[in-house]
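Let's start with one chain on its own, the form predicted alone, as structure tokens.
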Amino acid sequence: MIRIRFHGRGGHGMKTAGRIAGTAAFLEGYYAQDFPVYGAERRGAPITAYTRISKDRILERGIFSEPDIVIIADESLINDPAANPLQGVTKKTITIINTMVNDIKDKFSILGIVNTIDATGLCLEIIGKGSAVSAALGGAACRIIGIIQKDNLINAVIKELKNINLPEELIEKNVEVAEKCYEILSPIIIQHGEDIPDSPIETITLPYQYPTMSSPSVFSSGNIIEKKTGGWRIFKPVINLEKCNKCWICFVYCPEGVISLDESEYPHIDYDHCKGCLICYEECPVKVITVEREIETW
């Protein structure tokens, strides 16, 4: 059995990447199982998706902690304890990271085989947007495991992207991205760990507790401001204050409330917490906000 674990942020399309790998394997004649696990379900928050592929019927259920392959859509997740993408990685694990940094294996002392691919750059080049990398990393997974023919990858991309109602033109571009990733990477021999034996399920009975004992209580104010969500960002909006007409549109539209106004009513971005949704860039009526790609987000 091949166990692939995908890590990304909400909006990267890791659920779809897992489905692409599972569907391609199914079309190839294998049994497949895929599912996502969400934490805080919001754009930019870490999510994990799981795909199992096997010649035999798959009787395992639920998440797995010792993957054969780990796919990471955003290198800023590597040091994020909420995502912990390197959990269970051993000398036998193959890790694929979407990044422009070549020496990332040494930077993070990652065990096993590490390959990098600039999936965001490919999506920018072919699709014109780099936020969703589902086809790219689904294609990468299919290539690495070495058992999926390119035709079945293409059919899987088309099927899964049609299911989420993507326009035909965008589907064609995503297919091109998937094909490109498939061609860039090479299959790697997977060194399986030991299969997890079935274990009997023990049922326990919890005694009833009154709500005063069993309900959580909040006794202090929130601490969300201490969480630096700026590390989730792939692209950074930059305001040209010399050309800004102080219309406040970016300030009003910012969904995270990270744009503030100074005493002269000029907007300023809190980069510690800006997630890079780029709504300010889209809405700016005089187009004085530009976009820069983050090079290293840690």
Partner chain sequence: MQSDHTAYKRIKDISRDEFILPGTTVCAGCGGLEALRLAHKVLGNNVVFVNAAGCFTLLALFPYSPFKGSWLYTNMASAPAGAQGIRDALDILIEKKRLRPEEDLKVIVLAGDGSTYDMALSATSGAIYRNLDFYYFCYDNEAYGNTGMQMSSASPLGAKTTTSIPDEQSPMGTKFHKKDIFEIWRAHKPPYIATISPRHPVDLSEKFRRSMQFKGPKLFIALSPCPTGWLYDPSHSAKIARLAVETGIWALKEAVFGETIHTYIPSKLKPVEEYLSVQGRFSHLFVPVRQDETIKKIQDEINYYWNHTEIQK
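Between two forms, the rigid core is the largest collection of C-alphas that superpose within 1.5 Å. Predicted model only: the values in this text are computed from it and were never measured. Numbering follows the first chain given and starts at 1.
Missing here is the form predicted in complex with the partner chain; even so, the following discussion is about that form.
Peer 1: Mark Lys150 yes when one of its heavy atoms lies within 4.5 Å of a heavy atom of the partner chain in the predicted complex, and no otherwise.
Peer 2: Lys150: no contact with the partner chain in the predicted complex.
Peer 1: Even though the partner chain is not shown here, does Phe251 get within 4.5 Å of it in the predicted complex, heavy atoms only?
Peer 2: Judged by the heavy-atom cut-off of 4.5 Å, Phe251 is in contact with the partner chain in the predicted complex.
Peer 1: Flag Glu60 as yes or no: does it have a non-hydrogen atom within 4.5 angstroms of any non-hydrogen atom of the partner chain in the predicted complex?
Peer 2: Close contact is absent here: in the predicted complex, Glu60 is far from the partner chain, nothing within 4.5 Å, heavy atoms only.
Peer 1: Hey, in the predicted complex, does His268 get a heavy atom within 4.5 angstroms of the partner chain?
Peer 2: No, His268 stays farther than 4.5 Å from the partner chain in the predicted complex.
Peer 1: Since the chain is shown here on its own, which stretch among 241-249, 49-57, 63-71, 25-33 would lie within 4.5 Å of the partner chain in the predicted complex, judged by heavy atoms?
Peer 2: Correct option: 241-249.
Peer 1: Hey, with the partner chain in the predicted complex, do Asn165, Pro216 and Lys275 all fall inside the 4.5 Å heavy atom range?
Peer 2: Each of the three qualifies.
Peer 1: Once you overlay the rigid core, does the Cα of Thr90 travel 2 Å or further between the shown form and the other one?
Peer 2: Stays below the 2 Å threshold, so no.
Peer 1: Answer yes if the Cα of Met213 shifts by 2 angstroms or more between the shown form and the other one on a rigid-core superposition, and no otherwise.
Peer 2: The answer is yes; the displacement is at least 2 Å.
Peer 1: Fitting the rigid core first, would the Cα of Gly222 be found 2 Å or more away between the shown form and the other one?
Peer 2: Moves: yes, 2 Å or greater.
Peer 1: Regarding Gly11 and Cys284, go with closer or farther for their CA spacing in the predicted complex versus this form, the difference being 3 Å or more.
Peer 2: Here the pair is closer than in the predicted complex; there, farther apart.
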